[in-house]
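Single chain ahead, by itself, as structure tokens, in the form predicted on its own.
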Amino acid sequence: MSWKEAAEPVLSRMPVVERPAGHVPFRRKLTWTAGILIVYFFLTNINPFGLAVGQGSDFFGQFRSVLAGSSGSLLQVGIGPIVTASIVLQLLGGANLLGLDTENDPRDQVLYQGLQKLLVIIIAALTAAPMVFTGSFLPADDAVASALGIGTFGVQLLIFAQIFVGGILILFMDEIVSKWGVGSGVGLFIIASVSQQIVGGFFSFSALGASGFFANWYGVIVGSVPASMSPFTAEGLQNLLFDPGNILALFTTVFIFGIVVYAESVRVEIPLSHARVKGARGRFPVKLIYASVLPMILVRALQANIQFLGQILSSQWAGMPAFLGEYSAQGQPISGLFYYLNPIQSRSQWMWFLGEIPASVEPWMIAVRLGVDLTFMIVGGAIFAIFWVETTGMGPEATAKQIQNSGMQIPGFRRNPQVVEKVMERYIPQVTVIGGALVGFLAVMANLLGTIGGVSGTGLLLAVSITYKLYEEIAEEQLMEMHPMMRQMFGNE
């Protein structure tokens, strides 16, 4: 008996959001998308019952803009389990260990989706458990334990159950958006998380400090923030570029917006003509960022899981070997393997003159850490981009079949899928690798310089690229609404 036959009774019965029977009107798609977004913001502002609010730490803080969710809320785990499950399945699928034909066999498609959901459920539990039961990230409220008479462990079980349910909810919210809304739920949640941080970085105001960009400059102008902004003195230049001026962060934010929009517009266009409709022509665009920036989520999630493992080991293993890492009082690695595998998330982690680097950290250690981060992101971005293209039906073979099924062909070539596939192989594999490596490099550079709101470079790249693609999808949906015949011609009915 194969593993598919053994697992089919379980995987085929996993709960699933029903697909729409026919075409979903554009306005209804927007309604579903907006509704899920409201539910997402609602859940990120609800603290689990029994949690000692404000006493724990958020390990995913530095990865929060990529993994979405919110620290100390029902969506504590964010999209982490979904992304981790995707990593596992892509690695297994890339090595052809699953033996599933998800392109042509409906039965295998059901098994694949069921396996993905099962993995998400398992990973959500495995992620939430150490966050709750170690007591470091989500501590239980002793007052609640005394009032209910169930002890600290009982309250921890309550918190775990709520965090686990939150992880399952975000899975089905993602599925609802993917089937009934516009774009994908994962992309929508990343946009929401990053936008929240950027808006706060510009407009937040606090009487205790740590205000937003405009509030800081208002304070400088009226004199309530005593800081020299003269670019001709060392102190003034530092204030101008960093805090409170944050001109460098503003420049990096605008630069990333511009470079991503430009990179999305760079493409190789392969001419197409319709085999039956004379004069009907089109183009198939192979973009520079062909695989999109979504594979970067997989790379950063892999790094987050490695650091999460280091946090657990350091808090539970008193005799952890020094070569694995030593941790500061804030829970950050300052030496050893986990230090070098920890990506640089802000300029304060490599700029010595800001005075925030521990004295035990030498310049060569920062250089090695930066080199490891660059290598991890560039190589990992290229590898995961290849996996992403092959597993999402964007490879040369799948693209050739799509063009063939739509009735289109490449002028000057026989109308044959194998011929079209050979033409696509000239462009897609090379562009996929270059685009994945470029996105990885830009993400590291953005992290080094910092952005408004403390958003990670990867998070900002993801948000801008996903927003751009969402705009393209909305424009396409509106076009299809205006010209229903196009839906039938291109198989979108």
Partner chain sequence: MDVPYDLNSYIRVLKLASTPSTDEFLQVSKIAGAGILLIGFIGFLMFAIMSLLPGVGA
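Predicted, not measured: the structure shown is a model, and the values here were computed from it. Residue numbers count along the first chain shown, from 1.
Just so you know, the form predicted in complex with its partner chain exists too; it's not on screen, but the next bit is about it.
Between 195 to 203, 318 to 326, 302 to 310, 116 to 124, the stretch whose residues reach within 4.5 angstroms of its partner chain in the model of the complex through a non-hydrogen atom is 195 to 203.
The three marked residues, 26, 66 and 406, fail to reach its partner chain in the model of the complex, with no heavy atom of any inside 4.5 Å. Among residues of the shown chain, residue 218 is not one whose heavy atoms approach its partner chain to within 4.5 Å in the model of the complex. Although the partner is absent from this view, residue 191 contacts its partner chain in the model of the complex, with a non-hydrogen atom inside 4.5 angstroms. By the criterion of a heavy atom within 4.5 Å, residue 456 is excluded from the residues contacting its partner chain in the model of the complex.
Of the heavy atoms in residue 258, some are within 4.5 Å of its partner chain in the model of the complex. In terms of contact with its partner chain in the model of the complex, the residue from 104, 265, 418, 375 that brings a heavy atom within 4.5 Å is 265.
Contact with its partner chain in the model of the complex, defined as a heavy atom within 4.5 Å, holds for exactly one of 434, 52, 445, 30, namely 434.
Contacts to its partner chain in the model of the complex (heavy atom within 4.5 Å) from stretch 430 to 469: 430, 431, 432, 433, 434, 463, 464, 467, 468.
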